[in-house]
Ligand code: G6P
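As structure tokens, one chain now follows by itself in the form predicted alone.
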Amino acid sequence: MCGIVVYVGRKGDGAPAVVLEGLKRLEYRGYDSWGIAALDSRGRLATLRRVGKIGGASADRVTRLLGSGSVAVGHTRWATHGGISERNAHPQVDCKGRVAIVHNGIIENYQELKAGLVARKHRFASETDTEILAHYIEEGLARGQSFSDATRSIAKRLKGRSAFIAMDSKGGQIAAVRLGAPLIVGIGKKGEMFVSSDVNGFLERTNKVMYIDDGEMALLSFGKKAQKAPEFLNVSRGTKVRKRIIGIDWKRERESKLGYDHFLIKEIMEQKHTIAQAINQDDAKMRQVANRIKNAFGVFIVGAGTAGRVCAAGEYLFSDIAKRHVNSTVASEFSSYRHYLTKKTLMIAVSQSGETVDLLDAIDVAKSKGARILSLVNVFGSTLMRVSDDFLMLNAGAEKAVASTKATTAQLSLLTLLAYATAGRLKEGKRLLLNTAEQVNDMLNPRYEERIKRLARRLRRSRDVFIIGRGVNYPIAEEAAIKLQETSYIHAHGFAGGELKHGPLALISRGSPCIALVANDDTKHETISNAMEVKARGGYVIGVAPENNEVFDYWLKVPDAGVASPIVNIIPVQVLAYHLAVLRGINPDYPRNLAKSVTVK
């Protein structure tokens, strides 16, 4: 949620256009307005703020409005405090128009902080919590504090996870402050410096980064005070922090659509390869992690949203494969389990972005009890990776669509492999999953996609879709519902097939679509029986199964993947969700009200 891009370059580099380019690369994070602040030809602060999508904004127009100087700060905003309007878009400025602020996250104590400013007659131009930062820095400068000290003074008073950029247009400095939300510095050629909430904001121009850790700030200088490298400080103490430059290995071609109409369908189709990539792990490390799982006194698998459903499936996988009980929970509820945590507890944290605020908060709870953290993550260098005791990469490559697809099946694959490793059957697990990857490759062909498109045309005007599953496919039914909700805006409800008679059956009427996720396991016959109950009430039954059945009105064939059935069963629903979105005139890459990385509570 929200995106930040900062560029400090040389005279005439066209900084506003560079920042605009970076912001466009962060569109997938989710936003409703955007803005840029830059220094004009006279060295004065100029701002541009707009509501709506940034995709149509041209570099030429932004340059005409803001100039082609060497410094600019940009932001895409996902509204929290204050409505969606130009006055609430970032950057926000102080009373004197000297300090510009862009900000991700929420300042939980902003009302208390704002009350003091109001009492001291500051003029507010927005309804945001962000604007108070500009005014407090303004006050610090007026008292004779340095820009660095003024910024640290207010940063130390903030509550809640956030990150912000403060630009002092007269003093020639930019402060990038991280207080729980991600910020990364990029080091470019010939003195160029970048800051972004995501490496995608500048990865087109450099892959050399310096990480800002929590409770730290980076100082970038420009103009007469320009320095070749940023200075890093501890926010609380003001002491300097040494940093090193790290190279990020992320292939740019994976972030283009490669001829597809949307990122979502491209990423769905990439599952032909990413399942195999996910299990391309070092055997020795997998056995080491498996030993930690076996020796732990309590294992929790924790994730948020789609990853939370994957974790629930993981609980079944460990029970079935390793005959071992693990606990799964969604990250936002994890703190309720804190009384069970000890130094012998192992938390397996699952995330695509590695920046989800609920998961990072859950890790704080676990660490406060001395628990060890193992993360399964897709973004190298993410906060999750760096706060974990150990990590395994998903190897799915960049995922740009908000709805997660290839990262989801990568997570399922890696958890399945971990369960096999814990059972002492690592090679067997690898063989199963490599075979599953080959079967997915065969399944995702044009004829199969066309069959799903025909189903989408039938369902496009549906108001509700029900999805049932049993065993390990019960959480996959819930994940299938998430996919339909977030892409097509159709109300979808996923639940355990055995719960039909405990309420949901009352919602079934003639023509109600119901997707039955069937695996060739000990839940098969019961799931088919549940589908028959739906059909007996007039429902339209769509079977996702290895074999056809008379109860199915429409059959989507999937491979018989055994215990890996969650991987193959979710993919046709992903394709269905994509084509429903397209038929309903919805952009499947950027659903309304949602963001790729949820960095605010």
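Throughout, we count residues from 1 along the sequence that is shown. In this text, all values refer to a predicted model and were calculated from it rather than measured experimentally.
What comes next is about the form predicted together with the named molecule, which is not displayed.
You can rule out all but one of 282 to 290, 267 to 275, 352 to 360, 470 to 478: in the model of the complex, only 352 to 360 has residues with a heavy atom within 4.5 Å of the named molecule. With the partner removed from view, the residue among Thr306, Asn200, Ser169, Thr329 that has a non-hydrogen atom within 4.5 Å of the named molecule in the model of the complex turns out to be Thr306. A heavy atom within 4.5 Å of the named molecule in the model of the complex is found for exactly one of Val402, Val185, Ala398, Leu500: Val402.
Using a 4.5 Å cutoff between non-hydrogen atoms, Glu486 counts as a contact of the named molecule in the model of the complex.
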